[in-house]
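Consider the single chain below, provided in structure tokens and representing the form predicted on its own.
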Amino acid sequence: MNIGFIGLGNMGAPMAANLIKAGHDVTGFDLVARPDGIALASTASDAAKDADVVITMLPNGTILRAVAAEIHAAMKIGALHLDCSTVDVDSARAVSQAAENAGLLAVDAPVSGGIGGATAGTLTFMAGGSDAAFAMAKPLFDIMGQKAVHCGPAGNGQAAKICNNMILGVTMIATCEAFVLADKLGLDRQAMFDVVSTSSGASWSMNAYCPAPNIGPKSPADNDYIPGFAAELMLKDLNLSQMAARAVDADTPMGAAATALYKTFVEDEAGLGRDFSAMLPRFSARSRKDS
């Protein structure tokens, strides 16, 4: 395929590189990044022109809407706009409708797996769109990732992503709190892990991404909490979850509490630029009177 790729940052560049390795012709565009090995266009519309598929990986819904307005006008009828950004559901659905109005196919397919997954081609894609659009995107999902789930119509990919990451934010906080409680009760961290990881408290946050250094599989905790998934990105996703919850009148008190904690951690404490699991040393340094 001829592929345009808009947004060549930490996630987009390795995704585009994997498509090139698989034999696709990729023309990229980014306002700032200039990664090696990817042919670059001077504008987003130039990257989109004559492409069979245009992939976008952008920071937020406002930017996505603006870029979509530019590239849809340049894309050929029947081409696919595959958006892998994590944005609000309303923006995803608006962009999908705009694509349909322009005679295009569209899929919103945010990803899970982080920079490591983007590099290794092991991302999980949560996709929303028509059956025909998903079928067209599927061969590319198979190159860039290890799994793609068709979650339903437009916007449902974003819905799945923000629900998943709301769970992740809440469970990471609970996992960190539990380790600190265990410390103060005199329970060894390894014993804590051995019990919880094989008991009813097991979770991905504990078993696969343990926030305690030198416990369980290797994680950012073992590298001074240098991000695999930055706390500010978790805050972004939690904010999206609460925006969606307000829009549909869903009661999400734990999601709201996690959002408030990560907001404090990122904006008022030392969380900016650290992994989202760095909540553990944050809680370790506090007492009940600090809450």
Ligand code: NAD
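Source: prediction; values computed, not measured. Note that residue numbering follows the sequence shown and begins at 1.
What comes next is about the form predicted in complex with the ligand, which is not displayed.
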Fill in the blank from the handout: Assert contact residue (the ligand, in the model of the complex, non-hydrogen atom within 4.5 Å, options K49, K263, K236, R65) equals K236
Problem - Single option in L31, A39, I226, A247 placed near the ligand in the model of the complex, where near means a heavy atom within 4.5 Å - result: L31
Problem - Contact of G9 with the ligand in the model of the complex (heavy atom, 4.5 Å) - result: yes
Exercise for the section: Classify K161 as contacting or not contacting the ligand in the model of the complex by the rule of any non-hydrogen atom within 4.5 angstroms, answering yes or no. Expected result: yes
Practice task
Answer for G152 alone: is it within 4.5 Å of the ligand in the model of the complex, judged on heavy atom distances?
Solution key: no
Exercise for the section: Although the ligand is absent from this view, report whether L58 comes within 4.5 Å of it in the model of the complex, heavy atoms only. Expected result: yes
Practice task
Mind telling me which stretch in 211-219, 81-89, 134-142, 99-107 gets its heavy atoms within 4.5 Å of the ligand in the model of the complex?
Solution key: 81-89
Completion exercise
Applying a 4.5 angstroms cut-off on non-hydrogen atoms, the residues of 91-116 near the ligand in the model of the complex are V111, G114, I115
